[in-house]
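Read the single chain below, which is given as structure tokens and is the form predicted on its own.
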């Protein structure tokens, strides 16, 4: 091999090495990440209600809202439930139990319907379906009573639940209205702790049917 050929090969190798080193330096400069001034974690949170404020579901004062509720709207909302329930007096059970007189009735007690163990257990702890418990159950049935057969996702709007309860009250309900106390639910509720079950306001005890 002549000296000229060797010099050409050596020069080409040196040029290639310099090109690789230069490319690495340029790449490092373009894509290097600077360490943050203060270490921390990114926490993503979803805010409901818009305008930066989380929507809080305040338990209404039932003695105030039920008398002025929209029964027609409640009937329209109940249409979502008619594939499983009916409210006819003496009506047959379907996929779900007949709901005539459900407001004021003991949970899991309608004759002839095979309730889930979860609903039956709930009935041993809760004497009657009152406004507050029905309000929370209609919001998210599976979440409120884990294991219930009711697979309906729930009514997210408070007014839909209030109108539904008023409508069901009108279908043979036996629970007396609680005394109105408009100031009860007026203050904004504090943000609930994750996983906590909202406290339900006290109801007026159900009156015993006349003999």
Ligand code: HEC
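Remember, predicted model here, so these are calculated numbers, not experimental data. Numbering follows the first chain given and starts at 1.
Unshown form predicted together with heme C; subsequent notes refer to it.
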{"query": "Exercise: residue 149 in contact with heme C in the predicted bound form, heavy atom 4.5 Å", "finding": "yes"}
{"query": "Residue 135 within 4.5 Å of heme C in the predicted bound form, heavy atoms", "finding": "no"}
{"query": "Distance check, residue 140 to heme C in the predicted bound form, heavy atom within 4.5 Å", "finding": "no"}
{"query": "Contact flag, residue 108 vs heme C in the predicted bound form, heavy atom cut 4.5 Å", "finding": "yes"}
{"query": "Candidate spot 83, 115 and 168, all three touching heme C in the predicted bound form (heavy atom, 4.5 Å)", "finding": "yes"}
